[in-house]
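Single chain ahead, written as structure tokens, the form predicted on its own.
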């Protein structure tokens, strides 16, 4: 397991460095700037702001200055929200995004594995076909469709939940965005669980377990489920990454003050440090989630530990 961890870390560090470099260059090369508003700014004021934020320095000097700040844990000042640093904005939005993503991933795993278990134990039957059709449908429908659809049905038509807002993490406000974010991932996990479990149940060691007189539930949960979840474990890293990017849409639809909303506003306003800070944090979280998924994969499949 230690060798697996070291190999993943050896690739994660240069990957994150490449993300920082490319993101910085792309943001600087994009047309427009943070001080190009609808109203023309006084040239002297504009020049003073550009100098104050170091935007008049050569590009390599700006890059070194930014990387030096990152090494100290400083993402720099926001060019638009001038009363806040990027670190302040990330600190306020990260708990919202992590809460939303964590609850959505937990719900997706519970729904997906449960549906896969039921379908695999009834392989070829009517229940199996219905569940797999539902899982395929959930996987195919994107979050920017399911989110508004849930609002129209459960918030506006039935009045069971609020339309939008955070309200300090009130469960009523979290229900619809969590469900909207979890459904596509639940569909994929359900299909992977069903495929892996159906194949495992046909293997010889499962037949031997039945022959020894073990109960069907013990055979299923103890002997068959762990190897069947190997494909699910390998998918959890990309799934967590997909939830991070999908949360941008969900947070915008439901007006949640998370990182996704900050990212959208920062991109519209050409707030370079804010966009860069969110992108770098997203990249670091994605690498972390993939590392955790690899470790889980190694625990489920001992052959991957060497």
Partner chain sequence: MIRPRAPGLILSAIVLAALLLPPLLPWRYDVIDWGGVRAPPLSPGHLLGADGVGRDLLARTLVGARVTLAVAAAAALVSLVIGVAWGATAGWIGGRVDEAMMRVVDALYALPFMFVVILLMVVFGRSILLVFLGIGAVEWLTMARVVRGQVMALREQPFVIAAEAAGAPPRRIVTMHVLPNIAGVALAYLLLTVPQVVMIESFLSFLGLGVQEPLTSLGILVKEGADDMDISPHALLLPGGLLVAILICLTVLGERLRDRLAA
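Residue numbers count along the first chain shown, from 1. On a predicted model such as this, the values are computed, not experimentally measured, just so you know.
Below, we refer to the form predicted together with the partner chain, which is not included among the displayed structures.
- In the predicted complex, the partner chain sits within 4.5 Å of a heavy atom belonging to residue 130.
- Although the partner is absent from this view, residue 67 stays clear of the partner chain in the predicted complex, with no non-hydrogen atom inside 4.5 angstroms.
- Though the partner is left out of this view, residue 123 does not reach within 4.5 Å of the partner chain in the predicted complex, counting heavy atoms only.
- Within 4.5 Å of some heavy atom of the partner chain in the predicted complex lies at least one heavy atom of residue 283.
- Judged by heavy atoms within 4.5 Å of the partner chain in the predicted complex, the contact stretch among the candidates 143-151, 226-234, 112-120, 70-78 is 143-151.
- Contact with the partner chain in the predicted complex holds for all three of 263, 267 and 270, each having a heavy atom within 4.5 Å.
- Contacts between stretch 10-25 and the partner chain, counted in the predicted complex as any heavy atom lying within 4.5 Å, involve 11, 15, 19, 23, listed in sequence order.
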